[in-house]
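We begin with a single chain expressed as structure tokens, specifically the form predicted on its own.
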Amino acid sequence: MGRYLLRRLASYLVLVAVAASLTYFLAGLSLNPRARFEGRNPPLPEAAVTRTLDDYNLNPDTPVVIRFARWAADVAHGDLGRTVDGDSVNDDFGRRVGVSARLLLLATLVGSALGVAVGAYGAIRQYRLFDRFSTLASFFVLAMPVFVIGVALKIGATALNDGTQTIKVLGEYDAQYAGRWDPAALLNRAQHMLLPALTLIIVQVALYSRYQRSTMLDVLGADFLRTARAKGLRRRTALVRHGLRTAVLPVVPLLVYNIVLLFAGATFVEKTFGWHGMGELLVDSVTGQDVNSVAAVGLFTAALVVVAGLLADLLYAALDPRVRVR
């Protein structure tokens, strides 16, 4: 098992290096940081702009291979470079990763657990009222853009508030709670987190329930379940102990990789509710011609894919003994 994981880790690290390099080259060739300084009033001297871009390793007149070599050397020492405004990419990253992690981890854990439960129960109750309702609701949610769900929740919460501020519809916390983690500040953050987390949970429940229902239906008539029942196990025990364990295996990769991709993919949710996380950073970096930030997001996403791959392998090994044998 250890050798198997080491082989997978080695292949994943190669993929990270390739993905991060391609991201830098694409950003370096397609983005133009000099455009950020054009049109300013009063206009900046051309020599000053060039000197600034050289200092930040963002000058598009420098061959992209040389810029990449400098960036890669800095990354090897833990430095992700400077933004086009001169700020540290490391500092911005650390803050935004924390923002996204607080929102996504909670929403993903709740959403995936509920999705698996709804899908499995719908399969067991196939074509009955719960199955038909959950199927219709899932298709309705999946057919709707995420930002529409978010805006609908904001409108509903505003109506429920009825002039109060019980449910916060914008931002991560109120200004007076900045930097505080006492009970009052935690309550305020929870009020702000409710709507964006609920948006993500609704979407993930709809997605995972569809996959889990299909995989659960495949195992309901399997021989091993009939054998388990023939040995005297109750139907519920046989379904949970043997059926659900087998049916959840195909969903594991989707679940794990979806957690990772949400870090840079929850853009609409973060924009809708004013959360300054990784999704917002990706969009703002591209529109702001910020090569180093875009490359850092690419590196971060590729590294997360490695973590997700290893986590999926470990979950597979825990759920399927055949993997440990190989």
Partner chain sequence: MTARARTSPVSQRSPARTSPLRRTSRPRLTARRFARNRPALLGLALLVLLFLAAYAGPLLTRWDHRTHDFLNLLSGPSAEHWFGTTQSGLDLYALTLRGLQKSLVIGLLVGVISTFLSAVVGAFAGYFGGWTDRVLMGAVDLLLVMPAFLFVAVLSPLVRGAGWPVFVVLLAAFSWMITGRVVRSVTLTLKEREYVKAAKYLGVPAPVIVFRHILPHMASLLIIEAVIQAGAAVIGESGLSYFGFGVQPPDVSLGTVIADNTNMAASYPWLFFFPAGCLVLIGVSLALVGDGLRDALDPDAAGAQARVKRRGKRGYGAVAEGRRR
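Positions refer to the first chain, counted from 1. Think of the rigid core as the biggest set of C-alphas that the two forms share within 1.5 Å after superposition. Treat the numbers as computed from the prediction; the structure is a model and nothing was measured.
Another form exists, predicted together with its partner chain; not displayed. Remarks below refer to it.
Asker: Out of 154-162, 173-181, 95-103, 76-84, where are the residues with a heavy atom within 4.5 Å of its partner chain in the predicted bound form?
Answerer: Result for this chain: 154-162.
Asker: Does residue 314 reach its partner chain in the predicted bound form, with heavy atoms at most 4.5 Å apart?
Answerer: Because no heavy atom of residue 314 falls inside 4.5 Å of its partner chain in the predicted bound form, the answer is no.
Asker: Would residue 282 count as touching its partner chain in the predicted bound form under a 4.5 Å heavy atom rule?
Answerer: Close contact exists here: in the predicted bound form, residue 282 approaches its partner chain to within 4.5 Å, heavy atoms only.
Asker: Using a 4.5 angstroms cut-off on non-hydrogen atoms, would residue 310 count as touching its partner chain in the predicted bound form?
Answerer: Residue 310: no, not in contact with its partner chain in the predicted bound form.
Asker: Does its partner chain get within 4.5 angstroms of any non-hydrogen atom of residue 271 in the predicted bound form?
Answerer: Residue 271: contacts its partner chain in the predicted bound form.
Asker: Between the options 142, 113, 254, 190, which residue brings a heavy atom to within 4.5 Å of its partner chain in the predicted bound form?
Answerer: Residue within 4.5 Å of the partner: 142.
Asker: Under a 4.5 angstroms heavy atom criterion, identify the one residue in 26, 35, 69, 44 near its partner chain in the predicted bound form.
Answerer: Selected residue: 26.
Asker: Can you name the residues of 274-301 that have a heavy atom within 4.5 Å of its partner chain in the predicted bound form?
Answerer: Heavy-atom contacts to its partner chain in the predicted bound form: 282, 283, 286, 287, 294, 297, 298, 301.
Asker: Aligned on the rigid core, do the two forms place the Cα of residue 296 2 Å or more apart, comparing between this form and the one not shown?
Answerer: Yes, residue 296 moves 2 Å or more.
Asker: Comparing between this form and the one not shown on the rigid core, is the C-alpha shift at residue 71 2 Å or larger?
Answerer: Yes, residue 71 moves 2 Å or more.
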